[in-house]
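Only one chain is included here, represented as structure tokens and corresponding to the form predicted on its own.
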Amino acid sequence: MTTLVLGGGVSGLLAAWHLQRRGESVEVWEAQDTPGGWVQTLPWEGGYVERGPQGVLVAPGSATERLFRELGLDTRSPGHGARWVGKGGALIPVPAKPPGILTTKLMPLSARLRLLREPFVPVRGPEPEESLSAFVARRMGRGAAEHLLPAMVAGILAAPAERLSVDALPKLRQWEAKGSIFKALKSEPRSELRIPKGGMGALTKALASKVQVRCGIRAERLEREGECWRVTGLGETRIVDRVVLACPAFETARLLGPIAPLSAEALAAMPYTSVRLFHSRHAPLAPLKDGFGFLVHPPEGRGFLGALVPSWMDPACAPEGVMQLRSFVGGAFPTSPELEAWEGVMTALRQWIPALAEASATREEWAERAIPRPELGHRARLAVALGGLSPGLDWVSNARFGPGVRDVVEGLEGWA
């Protein structure tokens, strides 16, 4: 069996790795000059910045733990540092453990008391599809959906929770299937944030070293040829038994248009979100330098979604004695024009952290269509997209399995 994987991001590299371990002949085409997609670590003046996720959640015995072990990657955990939500003009601590939610100031007392009923809420079948807000309101109460959920979802998917399908966070339905979200969390091994030595890019570099990757080749045409598939791009042609499309939905739709129009239409209808990122370095400021960071409750941030502290997660990302921040702006939220420049972002940071010193260095990144946005109806679009594929074609992506690296790793292990 010969397979061509189109797309050398984490999804494509993982798919190729799994298939190769199964004994198949696999080649990966990546349109960019380097593999990794959004999971890349970029150098920055004595340290680094992440192009995508800062780390990955790992539980003992999980698919992610197995992957790191099999790739021989050393990882570290920064521990469970302090986290905050910017709400009502102040940073409110997020409880470190689930029981702490009963005393948090993030929600009114009535909303906290409603949480106690969650283990007794009946399990509902997967149909009809719910919005993320409706799911949380049904299981945990409307107070949790209004006061707790928005900032958390904005920090993960950069979009309003009421527009998203519950399938945007696959773990939620998996936990409900066990009878209760709280019971599932209590019974499962606790996940912790882990970071490979050298940053998240070490993961995609390790995968790319295990498979054959050709960079700078963008697939231009996909055609059926007997029982095989002909793929052409940049003067290259391959005839293979199978093609695995590991591209974003919009790119996959372009290739499938002439041969699988129903799939292409469904994929083209899957929206993606762009985010503006600002990396900055400051004098250390306790307690922020020893914490994960903070998220802002929409719409208070007017498009400012929050900031992480990468130098707490991995001190190697910044010079010694420097606190590095990573601020997120925009996404699918209305955004104030001043947040398009660093000066406006610094003003927003000082709204929540008045004592923050001026930045000694800054760096801006534009993450265009970086995050899939599984809006309500995503499940039906996904079913049409996959159902319209001919034998020998498949599509793998974080828009299929879930937004996080953990979702992709678990989804692709099951797929393989």
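Quantities reported herein were computed from a predicted structural model and do not represent experimental measurements. One-based numbering along the sequence shown.
As for the form predicted in complex with a small molecule, it is not shown, yet the points below apply to it.
So in the predicted bound form, is the small molecule close enough to Glu176 to count as touching (4.5 Å, heavy atoms)?
Judged by the heavy-atom cut-off of 4.5 Å, Glu176 is well away from the small molecule in the predicted bound form.
Find out whether any non-hydrogen atom of Leu376 is located within 4.5 angstroms of the small molecule in the predicted bound form, and reply yes or no.
Leu376: no, not in contact with the small molecule in the predicted bound form.
If we define contact as a non-hydrogen atom of the residue within 4.5 angstroms of the partner, is Leu382 a contact of the small molecule in the predicted bound form?
No - in the predicted bound form, heavy atoms of Leu382 and the small molecule never come within 4.5 Å of each other.
With a 4.5 Å heavy atom cut-off, would you call Arg281 a contact of the small molecule in the predicted bound form?
It does not: once the small molecule is placed as it appears in the predicted bound form, Arg281 has no heavy atom within 4.5 Å of it.
Only one of these stretches, 27-35, 66-74, 385-393, 351-359, has heavy atoms within 4.5 Å of the small molecule in the predicted bound form; which one is it?
Result for this chain: 27-35.
Which listed residue (Lys171, Arg112, Arg326, His297) meets the criterion of a heavy atom within 4.5 Å of the small molecule in the predicted bound form?
Residue within 4.5 Å of the partner: Arg326.
Report the residue, out of Val85, Leu255, Leu203, Val345, that has at least one non-hydrogen atom within 4.5 angstroms of the small molecule in the predicted bound form.
Partner contact (heavy atom, 4.5 Å) among the options: Leu255.
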